[in-house]
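Next comes just one chain, in structure tokens: the form predicted on its own.
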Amino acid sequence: MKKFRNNLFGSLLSISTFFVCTAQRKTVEQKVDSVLRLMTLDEKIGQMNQYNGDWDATGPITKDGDKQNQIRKGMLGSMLNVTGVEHTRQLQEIAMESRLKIPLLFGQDIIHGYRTIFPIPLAEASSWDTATIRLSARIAATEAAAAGVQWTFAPMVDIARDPRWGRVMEGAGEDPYLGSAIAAARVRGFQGKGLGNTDALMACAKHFAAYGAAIGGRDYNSVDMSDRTLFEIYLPPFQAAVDAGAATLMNSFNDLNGVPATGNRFLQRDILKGNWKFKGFVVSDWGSIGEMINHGFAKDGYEAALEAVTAGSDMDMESRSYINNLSRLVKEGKVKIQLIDDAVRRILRKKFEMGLFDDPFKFCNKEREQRQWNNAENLRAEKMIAEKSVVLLKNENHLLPLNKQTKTIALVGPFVKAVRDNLGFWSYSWPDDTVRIVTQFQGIENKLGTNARLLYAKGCEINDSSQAGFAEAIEAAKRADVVIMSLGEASDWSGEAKSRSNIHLPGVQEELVKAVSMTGKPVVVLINAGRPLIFNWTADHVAAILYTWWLGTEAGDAIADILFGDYNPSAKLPISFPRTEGQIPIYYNHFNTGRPATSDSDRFYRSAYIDLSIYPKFPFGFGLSYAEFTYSNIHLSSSSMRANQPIKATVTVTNTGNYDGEETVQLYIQDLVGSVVRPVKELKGFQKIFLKKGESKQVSFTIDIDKLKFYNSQLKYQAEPGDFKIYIGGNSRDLQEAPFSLK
């Protein structure tokens, strides 16, 4: 091996002198052009080809052809699902045997952590804390980059208004303003101080575009919407990601208004690479180029490759459409070589920016990998982020926080002692998970030590009709001073291909809540899920509810901190919670109709169901605290504004409770009359503030012309003079309001 490496590096130096030894004198673009001029057509197409990595205990295997030989021939530009410095080095060494020695890119789904698993993205979005979310992505990038990964297929920035859609867990919820802020934070977190640093990953904003609007919430389904809805609701987080410097984008599985996103020129050529001047590259989702055949948009792989490359898809993930068809398409004159060159130039540019031409093995440092493997500081950060992600939905009679001197506590439910479920979907499984992950039972035990007696009863399975465990749960509850119940959906019930028609608490879990509540003991419910669930009886009858989502490696300790008052919950919902599936889609920023329902007593001959409330169970932006916050009336610096003269809106927020706490102050604006119908309100700003008990603070928002702009019927982004309302409060429902006008 030593002799091989000596020969390898000698060869590397001699062949790459043209574009490496003169690196100090060339710009990245000049370097890219230098390599591009040396490439054959087949080598160019190889850069546009990405394969999945197949590994066993001893190294790569070949489930689908001789991948190692294809790498040697320059037929592969990237691999996914290959991690660890040993594995990535082995494959990179093979790439260095190719004629031009162009390094491979290694990509991976680093969605919410690598070795340290953070809360699922929807949970982190509940923090409304972009600095915290950026930190989560920063740590994930540091750990993954230390393991040889260079590229993450994240963040997912799809807006989602339908909780039946499984991938709602992967994004930031229903709102484009909040979603844009979080998209930018995640990109900056993943990419750190810049591409080329050994703790930075290339970000990949996905799925471009409108994937979250799949009809019926069924994954991969069609999307049909107006261009105005596309531009106002679904595209802003992608533009924010591009503006934040996202290295890559991934297109989506769905068709948009009849054209699959993978072959959609309007999305990729006109908007992304045209209007937004995006300089990175676009990768398909897994097999999505070939799947255009299933859509009925392409006859075969030949046509699929033609449509995709013409539309602007630069790299083919796993469909083999490019590697099998592009050469013929170019030689037959169906695809201009300029399109191939543009795609390859984009890919090579990122490889140069990552520093891979200078040092193909810069991400293959075993010592760095070991330093990040059990990083205690990362675990402490994970616990902090988990605490910020828990939403307090209900707390009657100030049941929470619990007294640490409570003598006997009953812990009931299928998730009390669950281990890997705490990580949620899109998480890595490590051999030491059983000792590394803090269960909820362990977290409470760690918190209380020998001060309390903990009684445990599972009560029921996650999705079972059996009530055989009820008696044990009831008996434990009777013997306890307080009952903590841990319920929800299995961690793999939300995620890709995990759409559900029924999002109620599964099985007999709510029946278990009823049975335990009949004991008369105070009950605290923890709900573990990757989406909004429906739990109306529990919401109406249980005194205290914490929505814990899936919180990651330190879940148990974070939950215990909140239960016993060492952390005061501050999270707010990033998505509306429906009362039943019949309300879906339900979202706060809807349009009025000609017959709007103004209350539940005003439903007949109105835009409402006659048998269902017009309101969600829990509104967007909602979340309680152990503290209590009151808002003054809004003070405006002026009741009118001009395009070049912003106004300021100020409220005084007072902590009238008995605990210090954080509050997220939210700003909404309504355009009362427009050339097109405008939403009843739109989030346009938010600020997190910390108030000690009894403390007051003034919070101000600047209202400038950009906050009033929208896309009109001609898709012109502009503001229109007229009357507006400002709303400020702690959620999208409970708000102070004030009128103003734009002259």
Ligand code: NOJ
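In case it trips you up, residue 1 is the first one in the sequence shown, and so on. A quick note: this is a predicted structure, and the numbers were derived from the prediction, not measured.
Same protein, other form: the form predicted together with the ligand, not shown, and the subject of what follows.
Legend entry - Listed range touching the ligand, judged in the predicted complex by heavy atoms within 4.5 Å, from 484 to 492, 229 to 237, 203 to 211, 374 to 382: The contacting stretch is 203 to 211.
Practice item. Would you kindly say which of 175, 162, 421, 285 lies with a heavy atom within 4.5 Å of the ligand in the predicted complex? Key: Only one option qualifies, and that one is 285.
So which of 433, 510, 445, 496 gets a non-hydrogen atom within 4.5 Å of the ligand in the predicted complex?
Here the answer is residue option 496.
Q) Are any of the heavy atoms in residue 153 no more than 4.5 Å from a heavy atom of the ligand in the predicted complex? A) Yes - in the predicted complex, heavy atoms of residue 153 and the ligand come within 4.5 Å of each other.
_Within 4.5 Å, heavy atoms only: does residue 317 come near the ligand in the predicted complex?_
Yes, residue 317 is a contact residue.
Note to self: Given that the ligand is not shown alongside this chain, does residue 470 nevertheless sit within 4.5 Å of it in the predicted complex, heavy atom to heavy atom?
What the structure shows: Residue 470: no, not in contact with the ligand in the predicted complex.
Margin query: Residue-level question: is residue 109 within 4.5 Å of the ligand in the predicted complex, judged on heavy atoms?
Written below: Result yes; residue 109 sits at the interface with the ligand in the predicted complex.
**Asked** In sequence order, which positions of 160 to 181 have a non-hydrogen atom within 4.5 Å of the ligand in the predicted complex?
**Response** Heavy-atom contacts within 4.5 Å come from 167 alone.
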